[in-house]
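Here we start with a single chain on its own, the form predicted alone, put down as structure tokens.
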């Protein structure tokens, strides 16, 4: 049975072991690099956003009616000769299946790939009951023999090398296997498994769909084992989560359009199998197969009633959230989930396998939003992960010290800013120019992968009146939301904004009551603190008074737009939050779409420049082309680098909690930039500047790192 560390200290040891596994890193990196292109090709000609929205809408209509759909399915399935069971818990589901085996005199069982069976640990239960159980999906068979769980929902053995598989097959067959002869090893597997199919008394499968309209189940597989499992044995049992119920064939086909494309970049899976009722089977008594369908609740029906977490039941189990996750790419599924892996696994583990197994892994999220951007069911996975973390903290009632400190300081703007001002004076003994000479003693050696910036001697807010020019008859009145880093660490970025917009008819105001956007609080599970901060900022920056609310921080901009979720139950503030969402804009979009600047306003002949796309800009706000367009307008030669939209590893407090992950992501990012041969790297977020500039400084500072506003301001005529 799978065990996941419940404490971060032990969990981090597992992460370090995974990071040292060079084969795992290379394999996952190769897959992650190839996946976006194959996925894009598969969805060519299809509006993915519209398809995902339609799947989400249909799922949301079905989720509140799962019990009704189950009743309809049961009636139709029983008409077709199937027996339908309902299991409230995982243990009950396993017991039902064991009793079916006993009643039918079963000795040998073959199984098709089923994440629901993994969820209930069905194999363990059946083997303890004396049955021989064989997984028949090639990947599942391999990990079964190794005593492991799947490392991916679609590709369960992706973490293993062909050499490891060859060693395993040598042990199984007693004959040496050549790791370079993949075809020979496939033939070994086919030979071993074919005998199991022919000897089996019972076949167990999962189901991707259970159609209430006709009582049919649908299976999507890439190997013929699924059909052999469901046809050859005289008894077939399908274990199905109640969330797989759909009203009709049209609903199933809609999901089928997205599932293989999103999972592996295929237009369609090799096998799509539809089964309705008990079919003919000559080896069975009466020449009819004994067909049983076991529906599993295990908390799903309660989850369906939750206004926030019910959307987790939309999941179609494509595994795309793992495919694009930068953390999964580094450490694999055995360290990025429990049974269910990837972003959806961080959510479902808490509900299906308890907070002990979720406690540590749920913190290992960058909030980079890559998972949300590819989810075929439109699940807001980053939000649900933070909600789970907050729920665990609330239930356990014991918060980390940093959470307690953050709660006391961030919710009080005056205290928070007083501490930042004090820090700018107290840092003098360890400051060296714009960086700290060495890290404070509270940081371990693991944090030495980058240099940290010193706090500015004078924050932006204290110099604003002096540097902000008076604009007569402005075209636009804009509130500038500085955020913590621009205000107290990089005030020169605020100066750059004013310089870049010089004489362009913009009057900027800096509302002095503004404070941190609140994202750090939400990332640490402190939702109530995040709400209080949101209220402070809504009061400080009344969106009705401005044409735009501009921020140089991608994370702030994205989070300001999320105030609608935090304040949705506040009638008046909720309206203001919606107004704010509509008026928040990033620097690149403001320059290109609002001010419509042109090359004549800039110097010509700029050098080569690489670009890092902040997660909360390209995915959080959907801004992708504007920064690159702005660089071209400013006379710079944009040079594309590998994985531009992959997270730099900062993630706010994430880099403090998981420095080993942060450091590896930063290394790969800077390696890619260095390989491009550029002399400059720009980005749209001060948090990314902190990470990238600190990492580059640690390397010797060969490439200059700047906020895009700085380089644009430098090139204004």
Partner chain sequence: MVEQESTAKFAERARSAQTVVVEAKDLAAVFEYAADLTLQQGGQSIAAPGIKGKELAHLSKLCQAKKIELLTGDLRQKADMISTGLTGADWGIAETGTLVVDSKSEDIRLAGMLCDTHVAFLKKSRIVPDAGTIEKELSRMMKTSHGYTAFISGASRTADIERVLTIGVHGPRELHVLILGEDKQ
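Being a predicted model, the structure only gives us computed values, none of them experimental. Residue numbers count along the first chain shown, from 1.
Although it is not shown, the form predicted in complex with its partner chain is what the next lines describe.
- Contact check for residue 137: a heavy atom falls within 4.5 Å of its partner chain in the model of the complex.
- In the model of the complex, its partner chain sits within 4.5 Å of a heavy atom of residue 211.
- Contact annotation for residue 48: none of its heavy atoms lies within 4.5 Å of its partner chain in the model of the complex.
- Taking the partner from the other structure, its partner chain in the model of the complex has no heavy atom within 4.5 Å of any heavy atom of residue 609.
- The partner is absent here, but in the model of the complex a heavy atom of 216, alone among 122, 312, 216, 538, sits within 4.5 Å of its partner chain.
- Among 414, 88, 425, 79, the residue placing a heavy atom within 4.5 Å of its partner chain in the model of the complex is 79.
- Heavy atoms within 4.5 Å of its partner chain in the model of the complex belong, among the stretches 655-663, 686-694, 671-679, 29-37, to residues of 29-37.
- Counting a residue when any of its non-hydrogen atoms is within 4.5 Å of its partner chain in the model of the complex, the hits in 180-203 run 182, 183, 185, 186, 187, 190, 193, 194, 197, 198.
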